[in-house]
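A single chain comes next, written as structure tokens; it is the form predicted alone.
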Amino acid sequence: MGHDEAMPQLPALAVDIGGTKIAAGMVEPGGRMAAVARVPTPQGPQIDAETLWRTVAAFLERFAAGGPAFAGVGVGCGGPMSWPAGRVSPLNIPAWRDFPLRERLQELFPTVPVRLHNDAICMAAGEHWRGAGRGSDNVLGIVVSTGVGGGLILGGHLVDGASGNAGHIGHVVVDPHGPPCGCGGQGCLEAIARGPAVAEWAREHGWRTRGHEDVTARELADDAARGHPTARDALDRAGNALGVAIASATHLCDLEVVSVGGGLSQAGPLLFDPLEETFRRHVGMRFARRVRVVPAALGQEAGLLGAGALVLAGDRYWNGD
């Protein structure tokens, strides 16, 4: 009998490890979040792998005082990673390169299962389990932030792919003649729609050019809301790229819902209107026109809920053992 069936009444400890913060909380079997806490992720050239691990371990040990009263530990972390082994090399956490995170967590919590996946995949699982995709069997979750990631639910189950990277829509090519991508490709969705790339394109075209090298996509969205034409053009460009990628994914996977979250999604209609217009222009097949593209419903809790779902609903979201 697996852990899912053995201890359904216990909550899961959910962990979300990012470049700026580490979050954790208890996820109850019904999906309610409790006891959420956050600490900054240590940064700087003096931070090595073990220093960062000690910070994570000390933070999580507070949840296990007197012995772990939870069914397991679910973790979302930035990639790339080797899956399901859980050796991580997050792009935004340079201190960890091929770091055995799952193994270390299993040593910290030896009596319960530890399940680790890409943070964007956890977001998708959370949105399917308790968010915008609830009640649908075929869902794509997209995170548009510092990078662009995603996760794919087909037939009601998370699809991992050969290496745990299925659903990685950020590297779908949306413009073969577009800008180079950090992955080594050219014209990827991520190269156009990730927050820093959107802000950089706007600066190159006259938005806040002098003395504003560190402006963010959030400031861009604020200016766009106030009517700045270049800021609006930048969000139009990102929305168009997302619309092309989602149309392609919809035809390939026969989706019902696409849930879009992450920092750039907070731009609201300034991003979603051009996204929807481009998407509708590129979906010709009748089955694809039924798809709903919606903002993520769970906000910052999506990744934590999805990490908890790896444990509490492992029959749908975990294939790594």
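Quantities reported herein were computed from a predicted structural model and do not represent experimental measurements. One-based numbering along the sequence shown.
From this point on, the text means the form predicted together with another copy of the chain, which you will not see here.
- At a distance of at most 4.5 angstroms from another copy of the chain in the predicted complex, none of the three residues 128, 146 and 292 contributes a non-hydrogen atom.
- Residues of just one listed stretch (106-114, 172-180, 194-202, 229-237) have heavy atoms within 4.5 Å of another copy of the chain in the predicted complex: 172-180.
- Proximity of residue 44 to another copy of the chain in the predicted complex: non-hydrogen atoms within 4.5 Å are absent; the residue sits far from the partner.
- For the chain shown alone, residue 164 is a contact residue for another copy of the chain in the predicted complex, at least one non-hydrogen atom being within 4.5 angstroms.
- Looking at residue 152, you'd find a heavy atom of it within 4.5 angstroms of another copy of the chain in the predicted complex.
- Using a 4.5 angstroms threshold between heavy atoms, residue 276 stays clear of another copy of the chain in the predicted complex.
- With the partner removed from view, the residue among 26, 253, 64, 49 that has a non-hydrogen atom within 4.5 Å of another copy of the chain in the predicted complex turns out to be 253.
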